[in-house]
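The chain below stands alone and is given in structure tokens; this is the form predicted on its own.
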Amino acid sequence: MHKLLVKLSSSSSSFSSNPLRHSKNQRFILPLLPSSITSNPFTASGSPPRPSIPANRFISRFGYPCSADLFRKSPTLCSNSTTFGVIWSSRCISSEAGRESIEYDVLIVGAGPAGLSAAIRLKQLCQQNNIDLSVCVVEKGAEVGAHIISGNVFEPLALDELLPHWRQQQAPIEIPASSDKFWFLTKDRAISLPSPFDNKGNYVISLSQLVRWLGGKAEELGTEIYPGFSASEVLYDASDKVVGIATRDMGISKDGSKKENFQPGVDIKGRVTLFAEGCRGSLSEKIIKKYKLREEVNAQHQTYALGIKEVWEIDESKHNPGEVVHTLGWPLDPKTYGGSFLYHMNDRQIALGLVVALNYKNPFLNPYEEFQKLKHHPAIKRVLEGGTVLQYGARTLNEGGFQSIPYPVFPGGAIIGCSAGFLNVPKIKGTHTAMKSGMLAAEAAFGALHEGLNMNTYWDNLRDSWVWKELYAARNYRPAFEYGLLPGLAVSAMEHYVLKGKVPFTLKHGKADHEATDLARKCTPIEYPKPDGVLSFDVPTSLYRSNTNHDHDQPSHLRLKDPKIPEKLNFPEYAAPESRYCPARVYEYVEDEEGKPKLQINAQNCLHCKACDIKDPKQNIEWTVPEGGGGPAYSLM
């Protein structure tokens, strides 16, 4: 299948009515079939003729001029007083009340491992059964992989099932894990412990690079992927069934007025919609609450951690490709769950990160500063010295595991990947389980559309899969640490080495993360050293390395449900915790005209980590999507 790559630009009048368009240059992909129309009436002045546009993919509202040649295949017209569109196969593009509306068989929200695995599996099933289902993936990042970050030792189990020949297809999976080390850190020492990890057969990778490769595979099979478009709203029909999503309007200024480059959002509809937004997906959370999906299966609340990561290029003499190191202990206190990782990648690169559970109690704790301290530990410092930071980023991750998985099926679709929460905490791995969940949901969607089956088969097949068995066996590891570091280690060691997950009970999680924060008067302030600019850095320096960018003149995507709470409660009672748990300095208190503290939100700094949506003590901050294409631009993470 050939492809036409068209650059869409705000200055290009020929594409002014294109509904899938970013205000900045944006890649637009049209699959071209060998049997497409041979005549080509669409040429740009001074440029070579474009490849012919097939009738089953041409829509006049995309900005191309109409031609009688385009109707040779007798399309079905879809029209009424407010709608005009042309339907070929199962996709319809129309215009309703000034907004474009596009219909697909399957819509996938999020181009991460789960979403792309679902798209690939769907298209594989179409090929095997000689039918055509239209599949669309929308992604808020400027390109596929731009928002993907993970400290990743990759287990290829799901990929082996999805694309068995990936080893012969130049997948960016090259460095096998060569050793496992597990350290308990004190301030000055690294004490070696027996490693509970078994990474034989796994690989040290960049997940953002793997996702780009998966995106290419999905496109080769006929999936339409649209990066740079934020899914801001769930669409429902009259019976309360999910029928798709609406993307955010582009070109709205901070004061709410329309700028010259204003573009209305698009309604993208699917007969089945799969949400693969990643951890704490904004629309996924709304659906979980609306349909009471946790209550459906008596699932506990989700628990989270914040992961902060850097990729360094180090001296070749210190580089051991495939070496995997995990730590517990310092710099975190014994009551705070978390640990660090150091993975040796290829090209003299290492991935270094710190994961801090967000149920920590002390509001003075600053995860970013704890990470800066970590880099000065003698065992870490000697690896980094003489090296260079290449990239920085942060993201929350699910740690609730088996107990916190909601019922993933709702009227009109399903929730997959980390939006549902399939991370295996003791393994510190969730990519393989996320991918498998996407594959299982794709199979259920195919059965629902092609065979008239029920989407509930996703839930049934999930519980019969190796994902369920794996998470069930690991279910008591994370809640064991509610009792502190040493009790947690004792219980988890018993679980791992002796009982192997077969105990007849399931431990419960403690308080929700936002409820766990103590009042400031009960806690001791923490003094952090100033960064040295060599191993440790201030936030602006790190932000520069994340390539984070947003249009400054747009409404803030970080909304306060009650604008009075920060000054009246968070600042005096909790000592302004949002100024610390955010790893991008989005939230800071400044003095107003009267010299009183006032919360200032620097939304342009946002890394899309979602920590604020999770950790705010009164759940007053709501994370919503900014304009598409904003946020970090990761390439190595």
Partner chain sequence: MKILVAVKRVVDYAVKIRVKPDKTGVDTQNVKMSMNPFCEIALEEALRIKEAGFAKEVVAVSIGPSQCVDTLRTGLAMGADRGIHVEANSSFLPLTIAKILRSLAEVENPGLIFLGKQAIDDDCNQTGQMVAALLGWPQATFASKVVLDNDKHVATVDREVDGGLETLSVDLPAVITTDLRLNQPRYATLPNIMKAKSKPIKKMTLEDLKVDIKSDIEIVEVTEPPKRKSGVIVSSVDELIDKLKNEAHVV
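Source: prediction; values computed, not measured. Residue numbers count along the first chain shown, from 1.
If you look for the form predicted together with the partner chain, you will not find it shown, but the lines that follow are about it.
Taking a 4.5 Å heavy atom cutoff to the partner chain in the model of the complex, the contact residue among I268, A231, A119, V356 is I268.
Out of the listed residues S195, Q124, S492, N549, N549 is the one that sits within 4.5 Å of the partner chain in the model of the complex by at least one heavy atom. Remark: of stretches 179 to 187, 423 to 431, 278 to 286, 246 to 254, the one touching the partner chain in the model of the complex is 246 to 254 (heavy atom within 4.5 Å). When the partner chain is considered in the model of the complex, Q263 lines it closely, a heavy atom lying within 4.5 Å. Taking non-hydrogen atoms only, E313 approaches the partner chain to within 4.5 angstroms in the model of the complex.
When the partner chain is considered in the model of the complex, R545 lines it closely, a heavy atom lying within 4.5 Å. Although the partner is absent from this view, K259 contacts the partner chain in the model of the complex, with a non-hydrogen atom inside 4.5 angstroms.
Contact annotation for the candidate site: E399, E567 and I614 all lie away from the partner chain in the model of the complex (no heavy atom within 4.5 Å). Residues of 119 to 146 placing a heavy atom within 4.5 Å of the partner chain in the model of the complex, in sequence order: A142, E143.
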